[in-house]
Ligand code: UT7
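Below you'll find only one chain, the form predicted alone, shown as structure tokens.
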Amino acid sequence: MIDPSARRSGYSYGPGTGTFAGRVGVRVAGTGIALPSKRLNNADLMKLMDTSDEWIVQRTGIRERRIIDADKKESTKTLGAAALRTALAEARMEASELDLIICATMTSEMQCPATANLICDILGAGTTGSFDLNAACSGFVYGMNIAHDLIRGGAYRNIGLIGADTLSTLMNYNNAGRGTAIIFGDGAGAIVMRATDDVNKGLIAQAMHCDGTGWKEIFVPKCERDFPAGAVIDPATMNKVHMNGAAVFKFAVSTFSNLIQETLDKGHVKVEDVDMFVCHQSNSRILESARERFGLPHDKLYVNIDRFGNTVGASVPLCLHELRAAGRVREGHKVMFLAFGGGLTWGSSLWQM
């Protein structure tokens, strides 16, 4: 029987041992990304719908996004597997060494099996546990919190976490879909999280929230009953993203800043002590509003939405990989990860790297 006092003091059962193991830290051992080969810039969209480069950039900050090429058999699973393969190589690990694979996605390959199961097969991970997590754009940050605590609690030592989405499969690239098609892009990012003897590494504070009453602001209907009451049902928009842009923007602007403050308060950390804010890339104006509220210097809030658009679950790990590659996020840094999306969901993860 586990002594509750030992659990509270940071001790847990070691994986598969049935004995107490000392409290462990958690570190990011490797990162990777995978992007589709096809580029879709604003000029390309202008040929498909009534829009302009100036209009898109002014409202979203996006100039280009990547979308999968079905002829090249690109999909959520191929991007996710490629991203995790790169992260494993950086961590100097084999897929079979992972205890668990989590794939944060809202564009799974099929209803069953989970996309994480398919990635497990592609990478030859054997009987490694795997499952999907769907919290829309917040999925990867939710996954960081879950994976961290599974390792910190002693159940697992090595976890591969993927954020992969292919929203191009849920778009109408015409005037009917221009409110969403200009925003979303496809991609994948992954991290390998490992147990470490350095107990100072890992989560400082985290938050996960949902306002279920706001589900109708971003949804993907499969049949007529999935539409909110009173909605005009257009069969051509079935299995496509429906988004109330104005409502989502208002939600994100207020939630984003409040989430930062909540996480700082929980971690007893000052905003100036955070070395980097790695935020979901939904809209450049939303990012700028948070920067202004907290007086953040430009080099502390990373932006790559101009090149990739909103890649949903892939957004945060794409940023993290680029920041690590540039040496802007490294061991010893305090890094806050933030996201918000459909659900309506929002979440944070403040780490000591």
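A residue's number is simply how far along the shown sequence it sits, counting from 1. The shown structure was predicted, so the numbers you read here are calculated from the model rather than taken from an experiment.
A second form of this protein, the form predicted in complex with oxa(dethia)-CoA, is not displayed here; the remarks below concern that form.
Within 4.5 Å of oxa(dethia)-CoA in the predicted complex, a heavy atom is found for not a single one of Met208, Leu264 and Gln352. Contact check for Asp50: a heavy atom falls within 4.5 Å of oxa(dethia)-CoA in the predicted complex.
In the predicted complex, oxa(dethia)-CoA stays beyond 4.5 Å of every heavy atom belonging to Asn134.
oxa(dethia)-CoA is not drawn, but in the predicted complex it has a heavy atom within 4.5 Å of Ile286.
Ala246 belongs to the set of residues with a heavy atom inside 4.5 Å of oxa(dethia)-CoA in the predicted complex.
Site annotation in the predicted complex: the residue of Arg59, Arg63, Arg39, Arg328 reaching within 4.5 Å of oxa(dethia)-CoA with a heavy atom is Arg59. Contact with oxa(dethia)-CoA in the predicted complex, defined as a heavy atom within 4.5 Å, holds for exactly one of Ile218, Leu98, Ala195, Ala147, namely Ile218. Remark: of stretches 50-58, 319-327, 25-33, 292-300, the one touching oxa(dethia)-CoA in the predicted complex is 50-58 (heavy atom within 4.5 Å). Using a 4.5 Å cut-off on any heavy atom, the one residue of 300-330 that reaches oxa(dethia)-CoA in the predicted complex is Asn310.
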